[in-house]
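A single chain comes next, written as structure tokens; it is the form predicted alone.
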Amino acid sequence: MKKKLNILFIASECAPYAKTGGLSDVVSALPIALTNLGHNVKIVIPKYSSIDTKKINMKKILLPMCVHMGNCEEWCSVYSTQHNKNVTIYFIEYEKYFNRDGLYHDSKMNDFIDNPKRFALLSNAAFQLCKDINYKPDVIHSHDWQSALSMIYLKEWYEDDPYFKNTIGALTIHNIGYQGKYPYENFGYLGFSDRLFNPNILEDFGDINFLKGGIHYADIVNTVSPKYAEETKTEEYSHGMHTFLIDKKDKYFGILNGIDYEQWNPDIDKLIPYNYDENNISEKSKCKLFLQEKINLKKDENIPIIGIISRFASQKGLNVLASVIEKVVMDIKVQFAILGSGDKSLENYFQSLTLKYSGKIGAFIGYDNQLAHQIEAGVDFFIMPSLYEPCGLNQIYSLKYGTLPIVRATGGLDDTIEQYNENTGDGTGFKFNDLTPQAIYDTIGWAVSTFYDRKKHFQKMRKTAMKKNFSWKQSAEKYVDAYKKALEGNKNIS
């Protein structure tokens, strides 16, 4: 097999052009890591109206491009720019579908009614683009439900096309809670045979399920941590997909996300007031005093701070934390630094705590990238009490910043954090199993008591945490191994 692979990413988001969550960070960083390993990677996403074409030096390369859908022809344009020096990103322009506020829903968080058509067009347009720019992919790599149909187009529409004869399909599930379920009335537009609308492929209680169909047709399916891969094969975590994932056998697995250490590294971070590393950690105390002053906490480096940077959502377990946070600050000498938005009742609640517990709790509602970096650098602990967490990134950022995570042992949180051993001082954080107010209270108490009473252990854990390496290079190598294994299997079949 040739060493250099042609890999096409199809996704609904890619930072910094379009972003709502961690999906965009993966689609941005993983192709760069793959090119650094010697592969030829291109990215395709929609051209949303929110993207500033002039700011990123975007150029129109195809006009028009015809995309044959099930019951019509769609004519669109294609723009491109350099994502980095070796990765080109292409933008599918179709104003009817992508010229609107929001990526997936309106300002009231209602799904756009034509989402199935919007993302079916994206999934299919990528194949026409490949032909028009003369790019033969060895791998079509789709991400989440929005581009999962590309797995079906590959195997159903293009199976006999010499251009894609040897191409394999890879599907990454970033969060199985979102599957793309839409009414059957959209089925004709997709262009698939009626035989596919059955409970084993696309049909889901009378609706179409994009992710389900993608899982069925993909040569390999992965999710973003080994633990989450195991969890999603159970009824509790799979949102109904466990039997289909189990059926994939060894073609379903977890690969842990990496992080960008050029962006998240306290030694070179330009967004924090003082830089430091594991050999010069004293500057972290100055970052702490800076943060305390900035968010109106009592200035005292001897009081531990617990950080929160999160969407305010039930998945993140913050409703459970909210039920016990007041007891924590009344019983335990600790402070909280909170940054996030989402559920309005949680926004209002956390904001109210800044007045009720002035000097003990500081909260900023919204998102501020600089403040996020300053919280990671300035706090002692970072709490993530998630109901489930496919991978999680902030706990990995925290490790690099010498900020010890307090996490529920689920998904990527369990994979990335090593439990503190009170006998030896080994470990990189504090984990609990049950998502209950008492478990959160007890684990915070355990962490804080380590800060006060077992100082040598606390310092040892900090240094251990900062030395951990979760670079994208390691993850990219695992993806390449998976691609090549699937390509070998495809070759043997054909």
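Note that residue numbering begins at 1 and tracks the sequence as displayed. As the structure is a prediction and not an experimental result, all values here were calculated from the model.
Not pictured, yet referred to below: the form predicted in complex with adenosine-5'-diphosphate (ADP).
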{"property": "Which of 283-291, 101-109, 238-246, 307-315 sits within 4.5 Å of adenosine-5'-diphosphate (ADP) in the predicted bound form, heavy atom basis", "result": "307-315"}
{"property": "4.5 Å heavy atom contact, Tyr367 and adenosine-5'-diphosphate (ADP) in the predicted bound form", "result": "yes"}
{"property": "Partner proximity in the predicted bound form: Pro16 to adenosine-5'-diphosphate (ADP), non-hydrogen atom cutoff 4.5 Å", "result": "no"}
{"property": "Proximity of Ala372 to adenosine-5'-diphosphate (ADP) in the predicted bound form, heavy atoms at 4.5 Å", "result": "yes"}
{"property": "adenosine-5'-diphosphate (ADP) contact at Gly392 in the predicted bound form, heavy atom, 4.5 Å", "result": "yes"}
{"property": "Single option in Tyr153, Phe381, Tyr182, Tyr397 placed near adenosine-5'-diphosphate (ADP) in the predicted bound form, where near means a heavy atom within 4.5 Å", "result": "Tyr397"}
{"property": "Candidate from Leu339, Ile89, Ile215, Ile295 lying within 4.5 Å of adenosine-5'-diphosphate (ADP) in the predicted bound form - any heavy atom", "result": "Leu339"}
{"property": "Those residues of 10-44 which, in the predicted bound form, come within 4.5 Å of adenosine-5'-diphosphate (ADP) by heavy atom", "result": "Lys19, Gly21, Gly22, Leu23, Asp25"}
